[in-house]
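Okay, so here's just one chain, in structure tokens, the form predicted on its own.
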């Protein structure tokens, strides 16, 4: 007997939440969330934590329109899960970098970013881009989509565990 499987890619326009299917345990012992559902209920570029391992987090962002400029004292990575997104980069002058090199998570750049333009990258579905430390980055999307950021939990990280996790 041949079993056939169909791979379905999620998107902001079409996703299924899915769920934990515990066989011999209680579902309450596990957490499950869905980046598409989170982004569907979030404001553009709100950084909602949906996975955490100590200080390291995965954040779901709804990419829609033009984001504010962000920067960070450490490298971050953006994974595009949906529609095309441009990421514009500027190597910040020292005065606009995060002064505490141990500070975790992204912060907003105060005012317009000053420094040398580094260029931009276009992330299509499945593409990952590095967001180097002490660099200003801005996302630009012509239609709503979903980004996943691999970063550290910081001041802009929003936790909505009760709203985003399966509980029953």
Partner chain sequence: MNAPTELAKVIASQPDATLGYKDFQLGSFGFRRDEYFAHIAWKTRDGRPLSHTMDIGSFLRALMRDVGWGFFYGGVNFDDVFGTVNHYSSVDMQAGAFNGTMKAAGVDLLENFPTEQIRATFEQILNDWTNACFDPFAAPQETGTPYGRKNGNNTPAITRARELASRCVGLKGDLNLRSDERGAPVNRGFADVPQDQPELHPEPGFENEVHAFNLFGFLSRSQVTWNPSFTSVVKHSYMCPTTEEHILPIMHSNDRVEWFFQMSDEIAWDCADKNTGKPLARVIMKAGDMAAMPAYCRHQGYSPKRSMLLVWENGSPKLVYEIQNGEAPEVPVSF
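Residue numbers count along the first chain shown, from 1. Since this is a predicted model, take the numbers as computed values, not measurements.
The form predicted in complex with its partner chain exists for this protein as well; it is not shown, and the discussion that follows is about that form.
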Margin query: The chain here is shown without its partner chain. Which stretch in 61-69, 30-38, 106-114, 136-144 comes within 4.5 angstroms of it in the model of the complex, by heavy atom distance?
Written below: 30-38
Margin query: Does any part of residue 152 reach within 4.5 Å of its partner chain in the model of the complex? Heavy atoms only, please.
Written below: yes
Notebook entry, point to check: Can residue 148 be called a contact residue for its partner chain in the model of the complex at 4.5 Å between heavy atoms?
Noted result: yes
Notebook entry, point to check: Looking in the model of the complex, any heavy atom of residue 120 within 4.5 Å of its partner chain?
Noted result: yes
Next item on the list: Tell me, yes or no, whether residue 22 is in contact with its partner chain in the model of the complex, where a contact means a heavy atom of each within 4.5 Å.
Entry: yes
Check: Even though the chain is shown alone, can you say which residues of 127-149 have a heavy atom within 4.5 Å of its partner chain in the model of the complex?
Finding: 127, 128, 129, 130, 132, 148
